[in-house]
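The chain that follows stands alone, in the form predicted alone, written as structure tokens.
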Amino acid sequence: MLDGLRIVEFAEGVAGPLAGLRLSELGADVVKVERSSGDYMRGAYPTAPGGTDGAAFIDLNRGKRSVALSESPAAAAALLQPLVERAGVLITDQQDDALSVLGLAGIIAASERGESRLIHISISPWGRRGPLSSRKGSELTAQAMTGYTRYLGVQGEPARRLGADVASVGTGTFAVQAVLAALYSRARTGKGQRVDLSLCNSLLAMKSIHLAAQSNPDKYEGPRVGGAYHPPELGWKTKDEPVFMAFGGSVGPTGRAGWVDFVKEVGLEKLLEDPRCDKNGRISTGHGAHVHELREVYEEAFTNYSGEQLADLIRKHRGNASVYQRVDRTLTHPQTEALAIVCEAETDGQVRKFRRFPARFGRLQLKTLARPPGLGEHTHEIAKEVGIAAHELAALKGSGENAGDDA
């Protein structure tokens, strides 16, 4: 899809590199620009077997080429400026002042005014405007600011973060969407543009269904309003592994008979006369209003079944169910294998697992990316591509004779 498009990624951590990875899988040539110390994720534990880079860095930076900048701003600018001038997209989480020191002020300003074809994707914690715009931020501060911590833990106890990097992953995903939209616009107008994204705004956008439920109408009902005040969802206890279960659907053969037949089979006929239950099971299972009141009643019968047995029984009666899987089992589950989500490839003598691009195209072939670049591995190669001769590169402060030296 993106064959022939060069993307310069000058970003660390998760958000920018994730966007670069996904665009690379779609065919773009992604040049990862790093300072001489390297992306801090290279040193993030755990370290992959047989190497020095962190496992998360490897997964986020497969298939890219790496340029390492000199500690000298002038020397770094001598390579970075022509590289960005020849690129179609710049993805960065660097502040404008830092980019200006590296000679990119004019290039970025021209993109912002639509006077060049460059698409500049700028990622920050808080955005360019507002009282927090100049402050540092992170995954945790973004979650705290946007109220995500209220969806975990128990009321009255300390707040808890979401374990997943939802702000960073969400921003990386939105950045891919922004690049594709800007490319479509450029194809029609011939003009590039600046696109600003923030961890804060991404979380608020992802929270839209909760914000809608909490503000219009102003009623305290439904899981997206009261969920923060319920005990954490840990699944329905069984003989071994917990399960998730939900019944519902139309009141009729599809909905009503399923739940009624289910409670009869597991020995819970008394629920048929309980005023807290409706006849299709909607309000006493899943995220229903009376789930927490009736959980112990259900679980008393569920201890007679293993998680897999109960899930099969729920599905038999047209309910929705799944055992709470461990990650290792998820990756080897028959459904995961059928979708070919997890792949293996040998790189540098090591067999590594990685996850494919999540979409499956009928007529587009995705690139299979397995090997991450060494720090500055492609500096000389890319310098030559942007018109810097070997002797000119050697003259830049910090340059040496090895392909991995910074420039």
Partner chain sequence: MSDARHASSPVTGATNDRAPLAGLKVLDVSIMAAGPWTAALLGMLGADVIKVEPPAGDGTRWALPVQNGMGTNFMAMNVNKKDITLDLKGDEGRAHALTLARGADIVVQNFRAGVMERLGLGYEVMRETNSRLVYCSISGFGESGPLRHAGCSDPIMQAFSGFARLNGAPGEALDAFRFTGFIDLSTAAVAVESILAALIDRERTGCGQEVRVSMLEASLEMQSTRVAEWLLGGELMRPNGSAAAAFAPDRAYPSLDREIFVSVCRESEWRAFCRALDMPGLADDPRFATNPLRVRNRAELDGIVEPVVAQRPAIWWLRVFGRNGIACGLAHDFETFRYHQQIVENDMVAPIATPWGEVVVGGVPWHFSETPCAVTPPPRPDEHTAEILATASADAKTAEEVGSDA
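Numbering follows the first chain given and starts at 1. No experiment lies behind these values; they were computed from the predicted model shown.
Here the subject shifts to the form predicted in complex with the partner chain, a form of this protein not shown in this document.
This chain appears without its partner; in the predicted bound form, the one residue of L102, L268, A182, L83 with a heavy atom within 4.5 Å of the partner chain is A182. Site annotation in the predicted bound form: the residue of A74, L272, L331, A98 reaching within 4.5 Å of the partner chain with a heavy atom is L331. Partner contacts here mean any heavy atom within 4.5 Å of the partner chain in the predicted bound form, and among 259-267, 321-329, 83-91, 298-306 they occur only in 321-329. Of the heavy atoms in T47, some are within 4.5 Å of the partner chain in the predicted bound form. Contact between S198 and the partner chain in the predicted bound form is found at the 4.5 Å heavy atom cutoff. The partner chain in the predicted bound form is approached by G114, whose closest heavy atom lies within 4.5 angstroms of it. Though the partner is left out of this view, T146 does reach within 4.5 Å of the partner chain in the predicted bound form, counting heavy atoms only.
Contacts to the partner chain in the predicted bound form (heavy atom within 4.5 Å) from stretch 126-146: W126, G127, R128, R129, G130, P131, L132, S133, R135, K136, G137, S138, L140, T141, A144, M145, T146.
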